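What follows is one chain in structure tokens, specifically the form predicted on its own.
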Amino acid sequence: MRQSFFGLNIAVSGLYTAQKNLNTVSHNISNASTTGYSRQQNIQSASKPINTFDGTGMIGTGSEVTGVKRIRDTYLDFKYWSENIANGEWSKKAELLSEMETTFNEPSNSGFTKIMDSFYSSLQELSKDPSSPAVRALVRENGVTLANYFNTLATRFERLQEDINDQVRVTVEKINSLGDQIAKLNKQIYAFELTGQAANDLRDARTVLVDELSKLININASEVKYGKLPNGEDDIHFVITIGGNNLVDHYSSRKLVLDQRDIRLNSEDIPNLYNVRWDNGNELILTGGELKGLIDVRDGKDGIKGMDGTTATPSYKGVPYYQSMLNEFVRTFAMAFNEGYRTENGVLIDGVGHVDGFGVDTDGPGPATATSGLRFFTMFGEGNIPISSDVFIDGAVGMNAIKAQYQNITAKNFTVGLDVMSNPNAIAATNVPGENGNIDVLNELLKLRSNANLFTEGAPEDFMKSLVATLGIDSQQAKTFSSSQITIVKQIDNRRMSVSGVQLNEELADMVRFQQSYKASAKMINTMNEVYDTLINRLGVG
């Protein structure tokens, strides 16, 4: 049997339903600019009808809100995460390679080509007047400038590698922190949803964290069914894996740890770079994300074996690769300039070099007092002081033994030798002692610049141009991939927002609609009030 004020109760239910709908609209409008917020919508339904007492049918009892749902397409979330991994990797590589390009400073008035021009122009000037102290000093200074160019490049590359290593540490800490936060949110979401309600705002917060995590490292996120809950609902756990290992498993999260290397991977590496692994010692398998971009550029040496002879370096041309190429340049160039050694068709050939000549005879014609057997380029020793030719060679005899000494030269320690630094007259020009006008050795040194057999890439400038061009191509490739991935990620995000984003016009329309519902319900209550007033207070009154 229905209540006496049944109609009034129905109108009241409409009032409450309209009010709850307006509350949700208000929540949506308030979060229109909140990052990651998903539009919410009330689940409204007719309340349970009752049977008429005379069996003629059922009577409706009004409306009710049974829940609030989050408007979200989870497929687009998973799609966003998978594409964001590549976005993170290539964006980071594009950023770092661009920085490396700046280091070479080509083309510019302070780049390699200009510096090499100046060095050889001064040698050319010396060939016109081999006895000129001023020109000899100029050759020495331009030699120092050439060496400084490589010293500066090497130092900047070392600093870049150190910076990248710090970024690796910060990125790993971020990954661990995000894993912890996601696990804590999982616990709150799980506990809340056990009551049958939807943890919409908490799920949004978790999605934002997973978005951020997917840019840092290759993740695979999924909701896994673990069985049934006592209330019959699926027991769903949110799991994030990296290379098959769980980072987040429902309530718990694992850690990535950093170990400083005891043994350098590449001979060009600075000491104490970080290895990243799981806290249980398992290997971390990286296939994407900013962390892979950082490690590829920090350790990449085109996939060759590391110093231990077994560990492969990343198959990418990173800082160690370009460092090794600079080292190769200075070793080959210094050996050819000093000794006249060069490799042709795999055979080491002994030509004429600086060591074969004689400097100017300061005493003028007469006894050979000029120095001989000296190397123009050597390397820095203790206290960052250039070492002499004799110290550099260290008693080595024979082409192979002398060649081995040049392996000690790097782009960082490459410099003009102490003998030339302390006495520009030691710069060799002649192949005969005491002949100050003889420039046979100097002519051989000048030919070196255009010797197309000195490097696989050709002459010295061809080598450097090839190196800079390789870096430019890699950098452009990274920028292209990065730009492409950014576009893809934006498109997916736009699709997500078209589903989940708050459209203010739509919300305002809903607000008016629910406001009218509220007014109509209120009017209905007023109407029912008049009906009951007439029925109770006015019938039978004479």
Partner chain sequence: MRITNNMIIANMVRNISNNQQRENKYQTQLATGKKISVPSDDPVVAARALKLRTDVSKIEQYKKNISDAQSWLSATDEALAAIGKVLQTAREKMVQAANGTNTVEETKAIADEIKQLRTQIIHLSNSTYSGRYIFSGFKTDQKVMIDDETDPDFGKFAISVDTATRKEKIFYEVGVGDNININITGGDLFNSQDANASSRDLAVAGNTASMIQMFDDVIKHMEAGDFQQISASLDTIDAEIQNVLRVRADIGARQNRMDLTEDRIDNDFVNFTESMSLNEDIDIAETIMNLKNEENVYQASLAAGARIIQQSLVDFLH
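Positions refer to the first chain, counted from 1. What you see is a predicted model, and the numbers here were worked out from it, not measured in a lab.
Omitted from view is the form predicted in complex with its partner chain, to which the following refers.
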#### Entry: in the model of the complex, Val65 touching its partner chain (heavy atom, 4.5 Å)
no
### Message
Is it the case that Ser108, even though its partner is missing from this view, gets within 4.5 Å of its partner chain in the model of the complex, heavy atoms only?
### Response
yes
### Task
Could you confirm whether Arg159 comes within 4.5 Å of its partner chain in the model of the complex, counting heavy atoms only?
no
### Task
Verify the contact flag for His27: yes if a non-hydrogen atom of it lies within 4.5 Å of a non-hydrogen atom of its partner chain in the model of the complex, no if not.
no
## Note on the structure
Which of 443-451, 377-385, 271-279, 251-259 lies within 4.5 Å of its partner chain in the model of the complex, heavy atoms considered? The stretch 443-451
#### Entry: Option touching its partner chain, based on a heavy atom within 4.5 Å in the model of the complex, out of Gln516, Ser45, Thr56, Ser33
Ser33
### Task
Have a look at Glu212, Asp77, Glu125, Asp180 for me and say which one sits with a heavy atom within 4.5 Å of its partner chain in the model of the complex.
Glu125
### Message
Suppose contact means any heavy atom within 4.5 Å; which members of 421-437 contact its partner chain in the model of the complex?
### Response
Val432, Gly434, Glu435, Asn436, Gly437
